[in-house]
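We give structure tokens for two forms of one protein chain below, kept apart as structure 1 and structure 2.
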Structure 1
Amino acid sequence: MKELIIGNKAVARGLYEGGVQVISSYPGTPSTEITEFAALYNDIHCEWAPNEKVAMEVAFGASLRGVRSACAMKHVGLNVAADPLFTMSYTGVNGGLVVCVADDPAMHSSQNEQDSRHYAIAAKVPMLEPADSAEALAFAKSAFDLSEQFDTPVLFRMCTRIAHCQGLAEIGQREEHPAKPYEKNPAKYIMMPGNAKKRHPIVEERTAKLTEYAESCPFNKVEWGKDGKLGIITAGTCYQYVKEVFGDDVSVLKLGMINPLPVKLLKDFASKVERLVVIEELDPIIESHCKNVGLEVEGKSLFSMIGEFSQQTVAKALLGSTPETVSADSPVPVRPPVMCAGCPHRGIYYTLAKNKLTVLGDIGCYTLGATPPLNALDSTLCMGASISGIHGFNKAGGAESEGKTVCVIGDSTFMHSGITGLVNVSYNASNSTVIILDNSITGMTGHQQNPTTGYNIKGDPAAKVDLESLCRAVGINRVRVVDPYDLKACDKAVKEELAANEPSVIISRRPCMLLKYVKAKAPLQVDADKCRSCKSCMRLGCPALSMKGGKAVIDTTQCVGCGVCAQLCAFDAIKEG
């Protein structure tokens, strides 16, 4: 039976059919739905881990015990989990192990555009890359066999346009793979130098065997075109763009296993075409390999290393065609993402902006505090960097910066990588003020539970990390909670903690307005007679507020009655409707 499913659901189904028993992941766009859909199967264990490194190590443990296991993460999540990955390449597996990693060319929801194929090369593990939902399911299912056959973790590369594209995929049956026996094997699993030195040659031999396998494996295929002149080597979503433009006219070598890459297969293909072009998004991985093995090939001389492609990119580069288009002459204002009406982050950001503080930020919905009119952030780097960063900033700047610098981090991000930074603040004694934006959910990726919410991935009650106790336990004496809808309380808390001569944590706590259990209040209204057009309320950057005919107006379809704007009105013009 065929079903129309997004690539991530297809991966979940493939892992399930392949007999996976344990999946541990941390959410990250565009990988999140793999684990969400897998969690709907009650006969496997699925969980959200605090971060990707923990998730991968859970998968390692499950594999060591003999079951098929997996983890999923976005591209930058693999940076966090790189440590276990590189050494898992040496230990190999007991039960098959698949590491799903989703790249985000064009950075729809990411802080960089890194190409995770580099990890496959650097860690010396095989990597598969499907080109649609059907392949995502089939490849994920067979990835476990590949993992066990070659005794290696397998990287499974997705990208936004495969992960979040619905296509038809054949739904099959689950294969049961009972746990293999666990036998103590120090030489294989204890990677101390004496053992690791003996494992490294095995890794190199495995790569040689995998390269041989790549020459004729079912993941790579050649489609000979009607016209023998142009030959295109491609993979993943780029394959679809090539087929969209050329159909069956040109010859295509489609690579489904992108590490290690074949040699003979490429040379054979090259020998049968007149012009050889590699089409790949981001970095020239396939192109460089072709050149390394002595092939004359065009690639990045025609295609960019930046952003994502489309059929138009291919048509323009190879056919020189550009489409006829029509557009409005009037400028069309951009529509950047914004914090929602009633977002609990807005009140605290307003406070920080009003006090003209330097704010080191982190990764989440609250990164949107960087945008106008709040312009409340000074830096955003990676998960957890706010707390580690403010410590360095204050050590460098001394008392002067300590008094006017804070950092902000979400509840889920704090669990992911913030706690170690806070240990460092405490241990190495910086007088830093840390604000935890606790909206009681992992917001940006679409509302996933985390260790602070009290629920697990299935929505069942779970142990709940007590943030206040945790902060105190690592040595922070000044820990206080503030309601971000209360601007006066926010201002008082921030001023007092900045003035204190020791590190402090302010927990700005209110659940995300989009959570189902949070009930919106009646929308507020502006009394036009009282409005003096001072625009104080407009400094909040609330999407429900705008100026019409010189007066503030509230969009009642968006307003959730949070009341933050009313606190800014000196003329009492904003009232309950």
Structure 2
Amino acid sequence: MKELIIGNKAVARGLYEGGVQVISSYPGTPSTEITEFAALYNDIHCEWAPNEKVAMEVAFGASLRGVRSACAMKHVGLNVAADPLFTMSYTGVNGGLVVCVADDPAMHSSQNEQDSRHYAIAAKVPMLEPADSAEALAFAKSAFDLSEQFDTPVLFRMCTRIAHCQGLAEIGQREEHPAKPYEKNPAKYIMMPGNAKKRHPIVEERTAKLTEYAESCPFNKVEWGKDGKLGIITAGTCYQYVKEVFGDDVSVLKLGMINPLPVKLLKDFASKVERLVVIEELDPIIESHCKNVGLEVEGKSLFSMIGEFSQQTVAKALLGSTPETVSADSPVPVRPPVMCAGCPHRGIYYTLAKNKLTVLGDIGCYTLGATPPLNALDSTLCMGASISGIHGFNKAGGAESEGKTVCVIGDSTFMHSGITGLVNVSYNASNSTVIILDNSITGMTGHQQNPTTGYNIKGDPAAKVDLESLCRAVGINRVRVVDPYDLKACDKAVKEELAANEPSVIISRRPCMLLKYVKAKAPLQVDADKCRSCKSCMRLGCPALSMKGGKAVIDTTQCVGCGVCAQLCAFDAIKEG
């Protein structure tokens, strides 16, 4: 039976059919749906881990016990999980282990554009990359066999387009794989220097065997075209662009196993075409390999190392023209991302901006506090960096910065990698004020549970971390909770904690307005006769507020009645409807 499904659902189905028993992940666009769809299968264990490193280590533990396991993350999440990955390459596996990583060319929802293929090369593990939903399912299923055959974790690379585009996939049956017996094997699994030195040659031998396997593996295929002049080597999304532009006119070597890359297969393909071109997004991984084995290829001389490609990109580079496209009759208005109406982060950000504070930010939907009119953030680096960063900032700036600087971090991000930063603030004693934006969910990636919510991935009750107690336990004496809808309380809390001569934590607590259990109040209305057109309410950047005819107007279809704007109106013009 065939089904039209998005790539991430296909991956989840492939893992399921391949007999996976344990999946641990941390949500991150564009990888999140892999685990969400997998969690719908009740005969496998799925969970949200606090971060990607923990997720990969859980998968390793399950593999060590003898069952097939997986974890999923976005490309920057693989940075967090790199520590176990590199050593898992040495230990190998017991049960098959698949690491799904989703890259984000063009940075639709990411802070950088890194290419995860470098990790496969550096860690010396195989990597598969599907080009559509059908391959996503089939490759994910086969990845477990590859993992067990070569005693290695397997990296499974998705990207935004394949992850979120739909395609037909053949739905099969789950294959049960009994747990392999666990046998104590210190030389294989205890990576102290003496054992690790003996494992490294095994990794190199495995790489040689995998390279030989790549020459004729089912993941790589040649499609001979009508015209033998042009040969294209490509993979993943770019394969789709090539086929849409050229159809069957050109010969294509489609690589599904992108590490290690073959040698003889590439040379044989090159010998049968007159011109050889590599088309790959981001870095010249395939191109560099081709050149290293002595092939004359064109690649980044024609294509950029930045952003996504398209049919137009391929056609313009190789045909000198772009295919005819259909455009809208009128331009689409620009719609920059903004915090939602009633977002609990807006009140605290308004307070920080009003007080002209330096604010070190973090990764999450609250990063949108950097946009006008709030302009409330000064930096955003990576998960958890706000707390570590403010410690360094204040150590460098001393009293001059301590009373004028705060950092913000979400509840899920705090659990991901903020705790250790707060321990550092306490242990190494910087007078820093940390604001935890607790909206009771993992917001940016689509409302996943986390250790502070009290529910697991399936929505069942789970242990709930008490943020106040946790902060006190690591040595923070000043911990207070504020309602971000109360601007006076926010202002008072920020000023008092900045004035204190010791580290402090403010927990700005109110659940995300988009949560199903959060009920909106009646929308507010503006009394046009009282409105003086001062635009004070517009400083919030609420999408429900606008100016029309010189007067403030509230869009009642968006307003959730939070009342924050009313607190800014000195003329009492904003009232309940």
Partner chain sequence: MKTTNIMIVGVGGQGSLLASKLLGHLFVKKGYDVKVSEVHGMSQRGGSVVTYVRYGEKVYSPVVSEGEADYIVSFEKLEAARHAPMLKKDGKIIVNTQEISPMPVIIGAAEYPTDILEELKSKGVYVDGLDALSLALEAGSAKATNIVLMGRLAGYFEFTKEEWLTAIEEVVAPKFVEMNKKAFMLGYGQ
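Residue 1 is the first residue of structure 1, and the numbers go on in sequence order from there. C-alpha atoms forming the largest set that superposes within 1.5 Å between two forms make up the rigid core. Shifts are known only where both forms have a C-alpha. For clarity, every value in this text was computed on a predicted model and none was experimentally measured.
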Checklist entry - Do you reckon the form predicted on its own is 1 or 2? => result 2
Item to check | residue 396: Cα shift of 2 Å or greater between the two structures (core-aligned) | outcome: no
Checklist entry - Is it true that residue 333 shifts between the two structures by 2 Å or more at the Cα, once the core is aligned? => result yes
Next on the checklist: So if I superpose on the core and keep residues found in both forms, which blocks of at least 3 in a row have all their CA atoms moved by 2 Å or more between the two structures?
Outcome noted: 322-334
